[in-house]
Ligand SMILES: Nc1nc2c(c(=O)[nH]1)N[C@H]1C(S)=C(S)[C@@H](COP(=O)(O)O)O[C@H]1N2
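Quick heads-up: it's one chain on its own, the form predicted on its own, in structure tokens.
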Amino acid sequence: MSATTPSSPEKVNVGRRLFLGLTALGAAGVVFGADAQNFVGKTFGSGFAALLPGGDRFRIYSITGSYPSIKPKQFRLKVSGLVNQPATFTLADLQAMPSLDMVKTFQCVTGWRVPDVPWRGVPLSHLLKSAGIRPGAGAISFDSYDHADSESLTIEQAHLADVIVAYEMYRAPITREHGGPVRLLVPQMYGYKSLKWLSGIRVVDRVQPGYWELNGYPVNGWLDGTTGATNPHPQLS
């Protein structure tokens, strides 16, 4: 697929005075609402919202100890496996597809949570429909540009309406530390299921446990209280 590549946003130099000013406001007990966070995210990038008092408060994890650096124009997402039409998409391709905007709480299995995070991306179900799933497919495996992390979902889970291939967060391009330029988002499950630095979507015959599942986390990482017909093991959390 092809599309006109949108112009890249200009890099904004965040000065020391601005940083110290925000820190001082935090010490004074000033809390920024969602509108202010969204403005700062759009202006300075999604990662900068973490500097705001009352901001996102994400804890940034990396299996490898560093973050892969993928320039937006060099990004490629490969869809392969048990599909009729394997494809490779650029970031511009994804941005030209039907998108979904939603505000969701991000919940980590270790206990911290970030409420009301705005996201935008392509429904995973749209990509799977475009590829055409072949008979015998039972799960989706996801690969990361860090060449260490991986994840999986059943076919049913992958078709949940709010599972997206996300390219915006806080109404700004997803930053490197948050898994940009493109990451998976599975809002009904714990954060480790939302793979960062997404590089590949492989349709396979059965669930292949990802990195965190191989290290003791549940394969079905449903949030507490989340149930439904698509959850085969609602007792897991």
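One-based numbering along the sequence shown. Owing to the predicted nature of the structure, the values given are computational and were not obtained by experimental measurement.
The same protein also exists as the form predicted in complex with this ligand; that form is not shown, yet it is the one meant from here on.
> Residue-level question: is residue 191 within 4.5 Å of this ligand in the predicted complex, judged on heavy atoms?
Residue 191 belongs to the contact set for this ligand.
> Is residue 157 close enough to this ligand in the predicted complex to count, meaning some heavy atom within 4.5 Å?
So residue 157 does not count as contacting this ligand.
> Are any of the heavy atoms in residue 133 no more than 4.5 Å from a heavy atom of this ligand in the predicted complex?
So residue 133 does not count as contacting this ligand.
> Can you work out whether residue 108 and this ligand are in contact in the predicted complex, taking contact to mean some heavy atom pair no more than 4.5 Å apart?
Judged by the heavy-atom cut-off of 4.5 Å, residue 108 is in contact with this ligand in the predicted complex.
> Counting only non-hydrogen atoms, choose the one of 108-116, 80-88, 157-165, 94-102 that falls within 4.5 Å of this ligand in the predicted complex.
So the stretch in question is 108-116.
> Residue by residue through 130-153, tell me which have a non-hydrogen atom within 4.5 angstroms of this ligand in the predicted complex.
Residues within 4.5 Å: 144, 146, 149.
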